[in-house]
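Shown below, as structure tokens, is a lone chain in the form predicted on its own; questions about how it binds or moves come after it.
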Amino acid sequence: MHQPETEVRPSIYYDYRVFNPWLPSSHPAQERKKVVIAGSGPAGMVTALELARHGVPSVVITSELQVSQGSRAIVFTRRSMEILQQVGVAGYMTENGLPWRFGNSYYRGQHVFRMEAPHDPDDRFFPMLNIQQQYMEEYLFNACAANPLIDFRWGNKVVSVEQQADFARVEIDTPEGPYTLETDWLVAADGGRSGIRAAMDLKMEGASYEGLFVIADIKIDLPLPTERLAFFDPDWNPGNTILMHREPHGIWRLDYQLPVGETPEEALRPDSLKARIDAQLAMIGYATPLGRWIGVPSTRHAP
């Protein structure tokens, strides 16, 4: 039986809520559905809300009991905001996010480029908006929960998919055991490493490169504007890249690339994290005494 994590996830800026799992014993009749959406991230929930806007019911299946963990998407473009407006959550994003339109690039300590995205006073949205993905997922889920055409099922994990002539048969596991759901359409919104796409041998197209980054969310007061900062080949991290973004609630996010050969375990040692974050803050002129910032790190591969 699928046993999703029930412990509240740690965060220095977001208060997680643990939802109750959807259990098949409480809903014994499982007639064929019009659309089943595997995955409750932004893509899955926007799909459900757009379908509902056109009168199409759907079932959203998610293996977790909470919104996404860790630091994920943090910058949303004007076009993303236009889509979010269609499903009714753009107002919450604008109210709580940080708008921006300038970006700065540094190479070996020299300021080499300043980006200025076009913006007119009559524009509804700024070119970019900074807000952590957890908040967007919260707003999207609230909209899904309020819509009678959306059946949201926390704690349900897609195990397998069997393609039939004119429908799909989906095997789903829950904390009290499995059940089967038939659907006319199945949407694979289960992430970049989609288990459904892998099972069906569906490849994503496009170019990629391999790079290992540490993402560090730190709580610190820096008197800097909300502008993207990008550093290439800096003294303390030669040959690599660093990005900095201001986020709501006094958070700054640092993404720094690791040297080739360094493992995530080595990179996430407390002494390694402290040395590198301190080096970055010193490089931009804000060296801080011990204890002036707190943070939560993670690692990711950047395709």
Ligand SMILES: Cc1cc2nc3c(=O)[nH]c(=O)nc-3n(C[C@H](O)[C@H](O)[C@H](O)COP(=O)(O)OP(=O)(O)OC[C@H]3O[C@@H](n4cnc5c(N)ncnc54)[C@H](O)[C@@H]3O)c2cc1C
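One-based numbering along the sequence shown. Just so it is clear, the structure is predicted and the values come from calculations on it, not from any experiment.
In what follows, reference is made to the form predicted together with the ligand, a form of this protein that is not presented.
Put simply, of I131, V89, L186, V158 only one has a heavy atom within 4.5 Å of the ligand in the predicted complex, and it is V158.
Among L149, A73, I83, A117, the residue placing a heavy atom within 4.5 Å of the ligand in the predicted complex is A73. Just one listed stretch, out of 232-240, 49-57, 35-43, 273-281, contacts the ligand in the predicted complex at the 4.5 Å heavy atom level, and that stretch is 35-43. In the predicted complex, the ligand lies farther than 4.5 Å from every heavy atom of E247.
Mapping the unseen interface onto this chain, L98 falls outside it, with no heavy atom inside 4.5 Å of the ligand in the predicted complex. When contacts are judged by a 4.5 Å heavy atom cut-off, G191 counts as touching the ligand in the predicted complex. When contacts are judged by a 4.5 Å heavy atom cut-off, I215 counts as touching the ligand in the predicted complex. For the stretch 241-263, the set of residues having any non-hydrogen atom within 4.5 angstroms of the ligand in the predicted complex comprises only R253.
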